[in-house]
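Have a look below at one chain only, the form predicted on its own, in structure tokens format.
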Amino acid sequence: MARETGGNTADGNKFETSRRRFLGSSGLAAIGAVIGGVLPLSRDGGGIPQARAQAAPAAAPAAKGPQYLKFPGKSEGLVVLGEKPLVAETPESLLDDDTTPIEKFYIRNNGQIPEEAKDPDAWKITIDGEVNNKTEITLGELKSKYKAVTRRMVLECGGNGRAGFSPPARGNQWTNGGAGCAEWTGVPLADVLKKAGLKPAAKYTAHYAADLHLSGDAGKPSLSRGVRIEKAMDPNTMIVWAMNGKPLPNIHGGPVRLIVPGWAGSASQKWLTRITIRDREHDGPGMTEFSYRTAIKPMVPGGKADPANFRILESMPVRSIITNPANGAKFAAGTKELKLRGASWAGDLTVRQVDISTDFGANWQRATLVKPKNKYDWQRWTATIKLPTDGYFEIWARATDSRGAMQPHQAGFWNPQGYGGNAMHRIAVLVG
């Protein structure tokens, strides 16, 4: 669902009625085939321009607008996607900083938020399973016994882009705001695992945390995911205790969490208490059936899914966003040039190029791409576009990764829980 500030409820009501009628017509199919089904100025991303709403009758059901987050230390511009557990995304225009400020960073929880640790350095992490030496280490010992590093890396929810799927997929309806790029300070997980000594049978990690299941059952993990041992040994996979130079906030998993860059954020366990090394693929909550999995053979959208046809989502797909101007921005009459800013990233890969279109994809121009600070940092980009006249313009941004994969016009390869949706980002501006 596209979330925009402003507008009045009456217009929103008219739009919703018009949208529902139009969804059943051949008109939407025709437009969808050409431009991918989503227009930015439609209030819900339903595939029709805002102007289409004017023909709707006055009597219509109330349209529910976005709910904005009210949480200590957080920007009120974040949009709440869920309350139990608390989930909030960041509008693209708030991601205009090279390093995402903590107050603008998205929130994703799976269970109840634990109380803040009274003595962070006493927090204990256990490493067990297929290791030679079961290890119990406090956060204080982790800081004193290992060499800390700081890296700026993207953390992205596995469901980012889910709102682009049609028919709708299950789960929080993320647009592009389930991502941020912070500076994380901690130690490589590999250093700790080497100290514990991996056995030859070690194949997979299993992560456990202190957040209580929503049901209140203390014996039931709210989420327990893991990664292949090769990813765990990547020097960029880290146990971290600081974010942007400050102690890791409780809402972001403090006092200590995992950061597994490039992969679905659910692998980056918050409030980390234990890592068990397994001799097989982990099967904890969030690892089986359709959780964080995509189809091997493309399935019919909305059809019945077979768990045997699904594999684990690992590296996230290429994505680009326009961070300035914001969707719906208005400019003075006679404006002939706009300067754009944005960000792009590509999971385990890098971004080769970002292209911009102002004529619905008929023509594209190359943006200037900035080199990342380190691996897994997002790549900022800039572009200057020319506008031939006053009026309404859509600006599309499309990234291509280092293997040549390009963002599609619409979210493809439908799956029940909506993973892998990386449709190109579009905004609309009005000149005059």
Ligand SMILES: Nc1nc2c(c(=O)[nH]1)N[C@H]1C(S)=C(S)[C@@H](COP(=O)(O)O)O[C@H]1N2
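All of these numbers come straight from a predicted model, not from anything done at the bench. We number the residues from 1 along the sequence you see.
From this point on, the text means the form predicted in complex with the ligand, which you will not see here.
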>> Tell me which stretch of 108 to 116, 340 to 348, 137 to 145, 320 to 328 has a heavy atom within 4.5 angstroms of the ligand in the predicted bound form.
In response: 108 to 116
>> Which residue, Trp241, Phe310, Phe165, Trp271, is the contact with the ligand in the predicted bound form, using a 4.5 Å heavy atom cutoff?
In response: Trp271
> Tell me, which of Gln353, Ser93, Thr358, Ser222 has a heavy atom within 4.5 angstroms of the ligand in the predicted bound form?
Replying inline: Ser222
>> Under a 4.5 Å heavy atom criterion, is Asp191 part of the interface with the ligand in the predicted bound form?
In response: no
>> At 4.5 Å between heavy atoms, is Ile229 in contact with the ligand in the predicted bound form?
In response: no
> Is there a heavy atom of Met316 no more than 4.5 Å from a heavy atom of the ligand in the predicted bound form?
Replying inline: no
> Are any of the heavy atoms in Thr294 no more than 4.5 Å from a heavy atom of the ligand in the predicted bound form?
Replying inline: no
> Looking at the ligand in the predicted bound form, which residues in 130 to 160 have at least one heavy atom within 4.5 Å of it?
Replying inline: Leu155, Cys157
